[in-house]
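The chain below stands alone, shown as structure tokens; this is the form predicted alone.
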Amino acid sequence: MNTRKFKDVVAQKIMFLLCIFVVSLAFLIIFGLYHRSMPILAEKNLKDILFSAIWHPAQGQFGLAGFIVGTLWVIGIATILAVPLSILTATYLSEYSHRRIREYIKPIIDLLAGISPVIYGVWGVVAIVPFVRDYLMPFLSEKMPFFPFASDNYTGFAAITGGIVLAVMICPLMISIIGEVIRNVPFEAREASLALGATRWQTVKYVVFKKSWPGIIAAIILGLSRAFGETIAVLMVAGCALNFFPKSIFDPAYPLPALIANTYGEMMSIPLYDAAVLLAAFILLIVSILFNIVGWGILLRIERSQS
């Protein structure tokens, strides 16, 4: 074997080993979290942990229901706000906007995706919290007296505040993916629809959306996957009240990522405290992995069908 071929084989083996190492990191993280969670799973019933809302580590009570519901409130609000905004924005940029406008707006969207989460958190505290406290809740109390959760005691630090901030954070990712999916729809399909007398909106609605809906769903799933892991911004604006079960979008919420970031490292001398927090991290990791697998699986299927 000559020197050139030997160097090529060595380089190939090194790159293969590095690739295996990177892939194995995911399995090592999963195994590490599961192993560290075993003590609490050995002593407590998983059903009791997931469906109990009592969190008193000093008394051996580690109920995660309040944190899970808080996570679902924030994620649900973010989804309701971000999905239509992302779809309509991506549709405008892909189907209606002039090329020059698109060239100006796309870097701004990419910039929003790269802003640090703590900046979004500060923005939420400065702008969104006062808006919810001073305008949104009084409006609902006055215009909708039958609104079941209206009250004068809200501080603005609530699930809806975290949901609004989170929606703004995940929009850039969803807009980028949805825009790419829409642009991949064959131009001939648009021409055929327009040639039959359909308007541009009818073409988008019945041709473009029909062909790209699996990719749009994948973009939404990937956006939600990122939303599940956001911590700092939500921690700053959601209220994060321990042993409080959020019953409405205007109640304080304590999502799982905020719990992990805010409590890990404290009171580790309490038995099972460490295992309970790491169990929450393990649950969050599994959910994020499942969302990513489904989302990227749909995108890969679309890419293969178009090739």
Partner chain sequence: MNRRKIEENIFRCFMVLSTFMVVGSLALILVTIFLKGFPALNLDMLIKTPKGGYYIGKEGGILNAILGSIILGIGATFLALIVSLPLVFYLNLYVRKKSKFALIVRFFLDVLWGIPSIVYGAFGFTLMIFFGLRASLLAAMITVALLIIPIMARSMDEVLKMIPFELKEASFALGSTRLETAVKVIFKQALPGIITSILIAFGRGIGDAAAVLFTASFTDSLPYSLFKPVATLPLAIFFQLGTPFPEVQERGYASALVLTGIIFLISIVSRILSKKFSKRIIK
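Residue numbers count along the first chain shown, from 1. The shown structure was predicted, so the numbers you read here are calculated from the model rather than taken from an experiment.
Below, we refer to the form predicted together with its partner chain, which is not included among the displayed structures.
Residue 135 falls outside the set of residues with a heavy atom inside 4.5 Å of its partner chain in the model of the complex.
In the model of the complex, its partner chain stays beyond 4.5 Å of every heavy atom belonging to residue 184. The closest non-hydrogen atom of residue 40 lies beyond 4.5 Å of its partner chain in the model of the complex. Within 4.5 Å of any heavy atom of its partner chain in the model of the complex lies no heavy atom of residue 213. When you look in the model of the complex, the only residue of 220, 75, 235, 160 with a non-hydrogen atom within 4.5 Å of its partner chain is 235.
Stretch 23 to 31 is the contacting one of 43 to 51, 247 to 255, 66 to 74, 23 to 31, since its residues have non-hydrogen atoms within 4.5 Å of its partner chain in the model of the complex. Contact with its partner chain in the model of the complex, defined as a heavy atom within 4.5 Å, is made by none of 80, 242 and 276. Along 177 to 198, a non-hydrogen atom within 4.5 Å of its partner chain in the model of the complex is carried by 197, 198, in order along the sequence.
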